[in-house]
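Heads up, the chain below is alone and in the form predicted on its own; it's given as structure tokens.
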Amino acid sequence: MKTKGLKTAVTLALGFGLIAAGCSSNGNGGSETPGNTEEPGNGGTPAAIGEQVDYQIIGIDAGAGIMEATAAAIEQYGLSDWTLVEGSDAAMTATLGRAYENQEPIIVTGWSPHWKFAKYDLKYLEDPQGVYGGDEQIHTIVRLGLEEDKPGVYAFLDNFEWTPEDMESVMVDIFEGMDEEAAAEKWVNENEEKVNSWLEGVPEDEGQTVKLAYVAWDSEIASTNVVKHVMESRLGYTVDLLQVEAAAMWVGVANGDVDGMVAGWLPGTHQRHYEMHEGKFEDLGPNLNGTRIGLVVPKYMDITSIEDLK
């Protein structure tokens, strides 16, 4: 059984230096290499990283904690030339894919598990100051009173736990074109022993309808569909999935409009939402350990650390 509750949320540091700086010449008479682009008419001086990426960091939806942290850092350090581009996971990965295909420089907000690390050769920029913190966890969060109203649902969600490798295998299948529900069913069929461990001690109360919220991140699409498939195929529930933004997901659980979610990134990414609604939900603890957030670039870029951007 997992430990319930997150007694203290560790504050995600909000500052990091993101200042454009010149790259050294490659000394081969001006030939270009990825991440070291020369600007015409400047005597062969390589363009600063900021100029190469048009002073843009490609992000995701505005409600995500990694976006709030990055926006705060830009303001805190007076990086008025930089723009944090809001969008979605899909838009970010599409932009990354185009840049990668053309071997162009790009900086994105990144997290793992994510299928992009299996598809592309990427790296996190080192964070010597620990701005983005260490590994995070994904928690299962349920509404108050769920244990009394739906004990089987509560017990199953409390048992649910898997690994980044489990999640990534589902994500890759979806990315390669498999239907979300089909990818979830495939994983469940191939991992009978682990699925059976989730069912241990779960009381029978089939026939109930369960409402689960999730955000449209590839990681949460994978986990929520796996949970849905097991609950419907093995426990006889009807599961309604509600795709919402992060803030609405937490509000839904806190208000009791949904039964729960398996998508709470803590202690950093969703810290603000956790603290805002603390006491209005029950934290069943982590269902996945070993997540990570930070700035991500293709490995062909000749930078290794956030300090290289100064």
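Note that the coordinates shown come from a computational prediction; the quantities given were computed from them, not determined experimentally. Note that residue numbering begins at 1 and tracks the sequence as displayed.
Missing here is the form predicted in complex with a small molecule; even so, the following discussion is about that form.
A.B. asks: Report yes if all three of F160, P286 and N287 come within 4.5 Å of the small molecule in the predicted complex by some heavy atom, otherwise no.
C.D. replies: No residue of the spot touches the small molecule in the predicted complex.
A.B. asks: Please pick out the stretch from 141-149, 232-240, 217-225, 189-197 that is in contact with the small molecule in the predicted complex, where contact means heavy atoms within 4.5 Å.
C.D. replies: Looking at the other structure, the answer is 217-225.
A.B. asks: Report yes if any heavy atom of W265 sits within 4.5 Å of a heavy atom of the small molecule in the predicted complex; otherwise report no.
C.D. replies: Yes.
A.B. asks: If you check in the predicted complex, is I58 within 4.5 Å of the small molecule, heavy atoms only?
C.D. replies: Answer no; every heavy atom of I58 is more than 4.5 Å from the small molecule in the predicted complex.
A.B. asks: Would you please decide whether I66 lies within 4.5 angstroms of the small molecule in the predicted complex, comparing each non-hydrogen atom pair?
C.D. replies: Result yes; I66 sits at the interface with the small molecule in the predicted complex.
A.B. asks: Within 4.5 Å, heavy atoms only: does F156 come near the small molecule in the predicted complex?
C.D. replies: Flag for F156 set to no.
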